[in-house]
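A single chain comes next, written as structure tokens; it is the form predicted on its own.
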Amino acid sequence: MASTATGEEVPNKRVVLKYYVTGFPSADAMEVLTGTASLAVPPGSSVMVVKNLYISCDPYMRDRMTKHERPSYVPEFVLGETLVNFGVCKVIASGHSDYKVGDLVWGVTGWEEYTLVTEPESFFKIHHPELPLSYYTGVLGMPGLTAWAGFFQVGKPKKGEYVFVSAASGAVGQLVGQLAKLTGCYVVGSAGSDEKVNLLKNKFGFDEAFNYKKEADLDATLRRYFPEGIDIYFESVGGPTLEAVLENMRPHGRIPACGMISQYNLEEKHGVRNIFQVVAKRLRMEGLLVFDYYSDYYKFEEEMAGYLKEGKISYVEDIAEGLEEAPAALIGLFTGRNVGKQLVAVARE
């Protein structure tokens, strides 16, 4: 049954974009403002009001901070309006029959304390509140579904195959490596610091890992770790890394591509010069957007929650406290400042 809260107005901090970004972004492009929010829904409507508990920082948000001459796969943010991204929320008021006050949900919400959600049907109910709610910005949310769908449905792994994961300590990469190990694959990851390399090998169980910043010749590095070549490359970086990987792929290899973070801040993108390897080795490179796999979400949630409870999957988070820290937390993704999944605690429950 639909339910509503009182119609009181409350203070509402929010993060807005001040100007469109070219090149490397700065936290100064964003601003934290304070306005008000109503905790009621209009009579007869099917909207809901949520209190945001955790918000997610994700690399794709960089694309939304630039004004594009041609439309991108997601629209750019509107200057002066609240930024939006995935978050974990508690329902405060609801006119929708599927949601009641007190429900815990996750979906695309505002970078603010309270959000009026006009499309509640785009949200998912949280079925495992006994696990950390913050996990629904990561391992049990969009990054987790991305890793699971990208690896299994696009990568189509087989036991004994050789898997390389770039950005391997990030929100998606750390899960891809562990899912590959559960499948019986040999897994190597790359990351940008010795601390992250140790995390990959000692916490996430990767067979090998290396700090790409210390490798002068990435092609030689990959030949060293994969003398027989790579069957699956989970692509999150692009640029020179992708070039080097193409030289080291095995025939009929697969490349699920979920991001290319090395390219997001470049005004002129890096052109991959050896793309003919896709032809010569009969490779399959396929991009994935997590929205295409939403129909599989609850199946994924049950499987991943089981792995977490059984101790088969570990997850590392980097939590910034308070909306005031959200701009710096987002920008930190592009310098590798975060260790694990970057998120912001807005109001812990």
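From 1 onward, residues are counted along the sequence shown. Computed from a prediction, not measured in an experiment: that's the story for all the values here.
One more form of this protein, predicted in complex with a further copy of the same chain, exists but is not displayed; see below.
Enquirer: Even though the partner isn't displayed, in the predicted complex is Leu199 close enough to a further copy of the same chain, meaning a heavy atom within 4.5 Å?
Expert: Contact with a further copy of the same chain, no.
Enquirer: Does a further copy of the same chain come within 4.5 Å of any heavy atom of Arg273 in the predicted complex?
Expert: Close contact exists here: in the predicted complex, Arg273 approaches a further copy of the same chain to within 4.5 Å, heavy atoms only.
Enquirer: Lys312 versus a further copy of the same chain, in the predicted complex: is there a non-hydrogen atom within 4.5 Å?
Expert: Heavy-atom contact with a further copy of the same chain at 4.5 Å: absent for Lys312.
Enquirer: For Leu323, is any heavy atom within 4.5 Å of a further copy of the same chain in the predicted complex, or not?
Expert: Heavy-atom contact with a further copy of the same chain at 4.5 Å: absent for Leu323.
Enquirer: Could you spot which one of Leu308, Leu53, Leu39, Leu283 gets a heavy atom to within 4.5 Å of a further copy of the same chain in the predicted complex?
Expert: Selected option: Leu283.
Enquirer: Which of Leu140, Ala93, Val188, Cys258 has a heavy atom within 4.5 Å of a further copy of the same chain in the predicted complex?
Expert: Contact with a further copy of the same chain in the predicted complex is made by Cys258 alone.
Enquirer: Work out which of the listed stretches, 174-182, 247-255, 202-210, 123-131, brings a heavy atom within 4.5 angstroms of a further copy of the same chain in the predicted complex.
Expert: Of the stretches listed, the one contacting the partner is 247-255.
Enquirer: If we check a further copy of the same chain in the predicted complex, which of the residues in 57-79 reach within 4.5 angstroms of it by a non-hydrogen atom?
Expert: Sequence-ordered list: Arg70, Tyr73.
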